[in-house]
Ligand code: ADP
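Heads up, the chain below is alone and in the form predicted on its own; it's given as structure tokens.
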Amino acid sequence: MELSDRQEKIIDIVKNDGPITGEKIAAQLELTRATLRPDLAILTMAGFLDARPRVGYFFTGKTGTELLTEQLQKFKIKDYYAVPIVMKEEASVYDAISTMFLEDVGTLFVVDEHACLTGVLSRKDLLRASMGNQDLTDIPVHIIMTRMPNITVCKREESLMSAAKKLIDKQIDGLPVVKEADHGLEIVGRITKTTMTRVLVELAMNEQV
């Protein structure tokens, strides 16, 4: 978050003299309390300052990076995951390639008859399978997919930061969002690198408002 010159001065005053009332901050800046009210509200909501009734404002001691990290930690997967693109285990590699192209995704999730996750298909998996003289309509996806339990998953209550770390650590494009079911892990959504980019853009746009 980019602060104005006046907001930077307010933070300096609170650092040096806090806790301090809004009236005293206004007096040091030779401004009215009403003029400062929006700046104080922004700094408080952003987490740079905190306020206590009959005490005044004080500096939280947190940097912009720390505040951004705290804000990102509050974002939950359940609020951002998209509809998963799934294939049945008996579907052919040809069908998987067609689906990936038509849906414009980088990852497909393979499910059994109970809609439970059994595998993942990446672009690399499909590319490897298509290299050669085999008839892709005769190869079922369960032959080439990455199988459980070698699949990294996430759950709806996890933070987006946790999902982002998994994407980076595993060097993958997408994660299945799952929930516990009677027959295994039922897939309910997907989180991708595109999701993370969208959240960062939304956060930046909101901070500019």
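None of the values given here were measured: they were computed from a predicted structure. We number the residues from 1 along the sequence you see.
Below, we refer to the form predicted together with ligand ADP, which is not included among the displayed structures.
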**Q.** 4.5 Å heavy atom contact, Thr35 to ligand ADP in the model of the complex
**A.** no
Q | 4.5 Å heavy atom contact, Arg123 to ligand ADP in the model of the complex | A | yes
Q | Partner contact for Thr146 in the model of the complex: ligand ADP, 4.5 angstroms, heavy atom | A | yes
Q.
Since only the chain is shown here, I'm wondering whether Asp50 would be in contact with ligand ADP in the model of the complex (any heavy atom pair within 4.5 Å).
A. no
Q) Tell me, which of Thr44, Thr152, Gln28, Thr60 has a heavy atom within 4.5 angstroms of ligand ADP in the model of the complex? A) Thr152
Q: Consider the chain as shown here, without its partner, and state which of Ala181, Ile172, Leu40, Met161 has a heavy atom within 4.5 Å of ligand ADP in the model of the complex.
A: Ile172
Q: Just one of 77-85, 90-98, 129-137, 114-122 has residues with a heavy atom within 4.5 Å of ligand ADP in the model of the complex, so point it out.
A: 114-122
**Q.** Members of 31-61 lying within 4.5 angstroms of ligand ADP, judged by heavy atom, in the model of the complex
**A.** none
